[in-house]
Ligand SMILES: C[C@@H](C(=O)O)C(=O)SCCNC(=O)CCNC(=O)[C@H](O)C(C)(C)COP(=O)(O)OP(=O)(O)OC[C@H]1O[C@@H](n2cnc3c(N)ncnc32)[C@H](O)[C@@H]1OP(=O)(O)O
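Quick heads-up: it's one chain on its own, the form predicted alone, in structure tokens.
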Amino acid sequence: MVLSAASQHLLRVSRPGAWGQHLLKVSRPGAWGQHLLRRIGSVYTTAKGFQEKEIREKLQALPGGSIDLVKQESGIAVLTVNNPARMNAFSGSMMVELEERVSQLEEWTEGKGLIIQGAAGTFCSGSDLNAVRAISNPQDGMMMCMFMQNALTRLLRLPLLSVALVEGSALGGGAELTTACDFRLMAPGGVIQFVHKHMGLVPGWGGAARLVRIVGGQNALKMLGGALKVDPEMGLQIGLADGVLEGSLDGSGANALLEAEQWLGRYTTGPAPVIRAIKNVVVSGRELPLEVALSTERDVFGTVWGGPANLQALASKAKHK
């Protein structure tokens, strides 16, 4: 069971860039979703100086931990950041694995929801310092930044309703990862903290841009400038957290995951095509100019109008509750 929930915040962006321009050319019903699920979901390409193959090889050579993915028959997948020896910090190979798991989820047409958690009762402490030191030159750092921005942007654009289950600490890059989900649930004692300032940095995985859209500019400045420790109470107050869990009774994290599944279930109940269509129209409304978003909404509407769920509802004379 989840306790109180924060008021909902509308997310807005002012410039869609090439992604929106590309969508203007997509007219076939259903084509928008297919384009979005593939490379169109990325921000950077070789045309923008992004050397993906090169940085992928360098990251892959920095091993440690894993990103584990379990797809459940319920249509809810669980992605676990698993490197407990380093508080689930991202090694280089884990960054590559995250991108690979996103690709797998893009191809999972039966999926409806996604829960992201950390192993062993803590969420994620950002980047493994060993990996950071190995790619500390500016060029590699910039390529890593672009690689992770691509991965997390595609994660947020998945046609799945996603929630970050924050137990323990979500620090630095871990805090950025929470903002790449649609929702955030915090366990008692959980903390989300953008500690980048203490490292002489700013967020580089897209976390700052997403944070502004979630909590607003003033709160984002306070969180980044003060490296504030956001606990569940503050998270609810500023809209960063969407709910607070009652807490695991056995310390295994199983109860927290069950609570998160139950919380997410209220939004993912129903046929997968409908849930995925809902996410797609929200993504387009959030990221595209109004006229393009309206056109996209029309195309997505065309994929469910007269579909099995629609016809079944009409046949049963379903009443709104």
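Since the structure is predicted, the reported quantities are computational estimates derived from the model, not experimental observations. Throughout, we count residues from 1 along the sequence that is shown.
The form predicted in complex with the ligand is left out here; the points below concern that form.
Colleague: Which of these residues, C181, A187, M223, M87, gets a heavy atom within 4.5 Å of the ligand in the predicted bound form?
Modeller: If I apply the 4.5 Å criterion carefully, the residue I get is M87.
Colleague: Quick one: of G92, G118, G172, G113, which gets a non-hydrogen atom within 4.5 angstroms of the ligand in the predicted bound form?
Modeller: Among G92, G118, G172, G113, a heavy atom within 4.5 Å of the ligand in the predicted bound form occurs only for G172.
Colleague: So, G204 and the ligand: in the predicted bound form, are they within 4.5 Å at any heavy atom pair?
Modeller: Contact check for G204: yes, within 4.5 Å of the ligand in the predicted bound form.
Colleague: So in the predicted bound form, does any heavy atom of R157 sit within 4.5 Å of the ligand?
Modeller: No, R157 sits far enough from the ligand in the predicted bound form that none of its heavy atoms falls within 4.5 Å.
Colleague: Evaluate L228 for contact with the ligand in the predicted bound form, applying a 4.5 angstroms cut-off between non-hydrogen atoms, and reply yes or no.
Modeller: Outside the cut-off, so no.
Colleague: State yes or no: in the predicted bound form, is some non-hydrogen atom of S103 no more than 4.5 angstroms from a non-hydrogen atom of the ligand?
Modeller: Because no heavy atom of S103 falls inside 4.5 Å of the ligand in the predicted bound form, the answer is no.
Colleague: Looking at heavy atoms inside 4.5 Å, which stretch does the ligand contact in the predicted bound form, given the options 232-240, 67-75, 191-199, 103-111?
Modeller: Checking each option against the 4.5 Å cut-off leaves 191-199.
Colleague: Note that the ligand is not shown here; using its position in the predicted bound form, name the residues of 117-131 with a heavy atom within 4.5 Å of it, in sequence order.
Modeller: S125, G126, S127, D128, L129, N130, in sequence order.
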